[in-house]
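One chain comes next, on its own, written out as structure tokens in the form predicted alone.
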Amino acid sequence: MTDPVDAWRRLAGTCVLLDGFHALKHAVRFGAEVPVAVTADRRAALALADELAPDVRGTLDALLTEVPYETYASLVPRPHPTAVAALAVRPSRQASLRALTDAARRAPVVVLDQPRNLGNAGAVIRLAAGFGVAGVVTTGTLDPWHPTVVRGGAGLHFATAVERLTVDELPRGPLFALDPEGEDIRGLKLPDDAVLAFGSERSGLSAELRARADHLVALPMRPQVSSYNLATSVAMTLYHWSATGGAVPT
């Protein structure tokens, strides 16, 4: 039997960290390959599975190995309250690109243009998974698979395509960019194959992406309020898409 700590240390540099029970639960639920999973309290982790994830309880039972708390804590940047952690194989870039460029795409792609905040990026991926969008793309230097982003996304990276691309590599589809000078979104119906672009928390859309936009779109906002949080803007836009005919998977 392979020692889980040895396996962890061998794979840590090439796999995605799933930090906490919920990240592991979602990753397993959406088909992630998980070569190693540890917990400091196996009984508590399986009790959570019984309560919150009976659909994957058997898989988690087979995956989880109990280790001393000190060992668990040494494997992660900061211990999670559930004392569960795992490593998952990241989907290939080719698989992500296939999903993002699917000619028959029936849900939008969300683009985060040069985002800066790791937690916001994770929250957006969680939203995207909930709305069933085709994928989330980041431009710029932020790695959307950074452990902090995966933690913020609760492991839901595996429920949608997630990739970092340049503006020139963006998927096909009408590009709707969120901008205060744009047309009020309440008068629009966003098509299912839309590419929805959101600027960074500090400086908004880059000039390159703004120039590529087919439509500039604005969210309703009280005068003298500077902006919404990035994840809030994405949530409002995706809700508008779904409420005006977009098909959220059931």
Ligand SMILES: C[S@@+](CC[C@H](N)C(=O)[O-])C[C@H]1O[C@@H](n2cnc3c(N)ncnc32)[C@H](O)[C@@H]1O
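Residue positions are given as counts along the sequence shown, with the first one as 1. These figures come from a predicted structure and were not determined experimentally.
Absent from the display: the form predicted together with this ligand. The rest refers to it.
task: Indicate whether the candidate residues Thr101, Val110 and Val133 are all in contact with this ligand in the model of the complex, with contact defined as any heavy atom within 4.5 Å.
output: Contact check failed for every one of Thr101, Val110 and Val133.
Answer option from Pro77, Gly119, Pro180, Pro174, heavy atom within 4.5 Å of this ligand in the model of the complex: Only one listed residue qualifies here, and that residue is Pro180.
Contact assignment for this ligand in the model of the complex, among Val34, Leu219, Leu188, Ala53, heavy atom within 4.5 Å: For this set of options, the contacting one is Leu219.
query: Among 22 to 30, 38 to 46, 61 to 69, 202 to 210, which stretch sits within 4.5 Å of this ligand in the model of the complex, heavy atoms only?
result: Selected range: 202 to 210.
message: Leu17 versus this ligand, in the model of the complex: is there a non-hydrogen atom within 4.5 Å?
response: No, Leu17 sits far enough from this ligand in the model of the complex that none of its heavy atoms falls within 4.5 Å.
query: Would Leu238 sit within 4.5 Å of this ligand in the model of the complex, counting heavy atoms only?
result: Close contact is absent here: in the model of the complex, Leu238 is far from this ligand, nothing within 4.5 Å, heavy atoms only.
- prompt: Do Ser242 and this ligand come within 4.5 Å of each other in the model of the complex, heavy atoms counted?
  reply: No, Ser242 is distant from the partner.
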